[in-house]
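Before any questions on how it binds or moves, here is one chain, the form predicted on its own, in structure tokens.
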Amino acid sequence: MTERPTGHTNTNSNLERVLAAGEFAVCGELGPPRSADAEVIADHARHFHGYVDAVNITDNQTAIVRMSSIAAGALLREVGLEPVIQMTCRDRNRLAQQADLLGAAAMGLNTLLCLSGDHQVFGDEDTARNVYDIDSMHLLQMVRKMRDDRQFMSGTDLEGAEPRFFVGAAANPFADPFEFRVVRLAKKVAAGAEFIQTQAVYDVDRFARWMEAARDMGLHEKVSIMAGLVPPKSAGALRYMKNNVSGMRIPEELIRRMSGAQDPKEEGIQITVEIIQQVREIEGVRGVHIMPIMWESALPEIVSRAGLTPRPDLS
């Protein structure tokens, strides 16, 4: 085990405890339903028990209306899993964001990922007005101000208990220009990020170069970096991501490998396991964030075959 990066504050977050103990962390991800059906959360959650330290709950991902990430997170907590609540800047101004943060904290949700959010033109409400009152950097600063200084963004003091969030952000090692990617990471760390979850890693060499640049700046000692992973189901899925998802780098070798596989889903699981094993050897990588995208049933097999079970019990 390795020492944790400095700057963490006890928030009663299980993910924080795992990282603080020097364990290699595992997060999953769950997209809330496009309905008011609470049972969907419990049904998807059954695949995560015993295999992850926390589960990200997306916030209207790809600008498509879904159940609130905070409400879905509260339902997930009821079935014994720790949610990582995602909050985007697309849909709320600072008043709504701070109100939701207080509400989430009051319900015992204490792990948060701050995001800018996908532009609404990517979703099915493309005439909606985006907000972007503040960006993800300011959101990080606002959350830390509420937690550490017990003040709202305006500078007004809170009148009672402060929200105790373990605060994270996203990073994309694969977008251009490459040299700017680690600079942007440094800015998010300076803004208050305590953990980072990256864009999906398929190009391990490029990711390793980004991690080397992060180490050169000492960022791996200031923030816990978790490599993102999206298990591929087919060669077509990889081609779609390569051609249509901004900031994705997918080697042609992986597409050819999936194309030639007799069982593409099994091959996708094996590819994901191999990438986990490779990124785990890179200095400064503190965990993985597995985004199974409507394939939650694959997560137990991936985590088990990658040698990441049992998960530590630090409660």
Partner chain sequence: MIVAERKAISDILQMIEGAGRVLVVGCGTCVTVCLAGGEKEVAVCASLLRLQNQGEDRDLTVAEATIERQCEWEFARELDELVPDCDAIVSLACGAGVQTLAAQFEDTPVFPGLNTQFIGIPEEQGVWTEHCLACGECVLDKTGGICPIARCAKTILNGPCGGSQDGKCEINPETDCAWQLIFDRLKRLGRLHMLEEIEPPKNWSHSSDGGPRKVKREDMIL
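Numbering follows the first chain given and starts at 1. Not measured: the values here are computed from a predicted model.
Missing here is the form predicted in complex with the partner chain; even so, the following discussion is about that form.
- In the predicted bound form, residue 228 stays away from the partner chain, with no heavy atom inside 4.5 Å.
- Contact annotation for residue 81: none of its heavy atoms lies within 4.5 Å of the partner chain in the predicted bound form.
- Residue contact check for residue 134: one or more of its heavy atoms lie within 4.5 Å of the partner chain in the predicted bound form.
- Interface membership of residue 160, defined by any non-hydrogen atom within 4.5 Å of the partner chain in the predicted bound form, is ruled out.
- Scanning 138, 239, 164, 77 against the partner chain in the predicted bound form with a 4.5 Å heavy atom cut-off leaves one residue, 138.
- A heavy atom within 4.5 Å of the partner chain in the predicted bound form is found for exactly one of 209, 222, 187, 215: 187.
- Relative to the partner chain in the predicted bound form, residues 47, 103 and 107 are all farther than 4.5 Å at every heavy atom.
- This chain is displayed without the partner chain, yet in the predicted bound form the stretch 243 to 251 from 243 to 251, 53 to 61, 26 to 34, 283 to 291 comes within 4.5 Å of it by heavy atoms.
- Residues from 284 to 307 do not approach the partner chain in the predicted bound form: none has a non-hydrogen atom within 4.5 Å of it.
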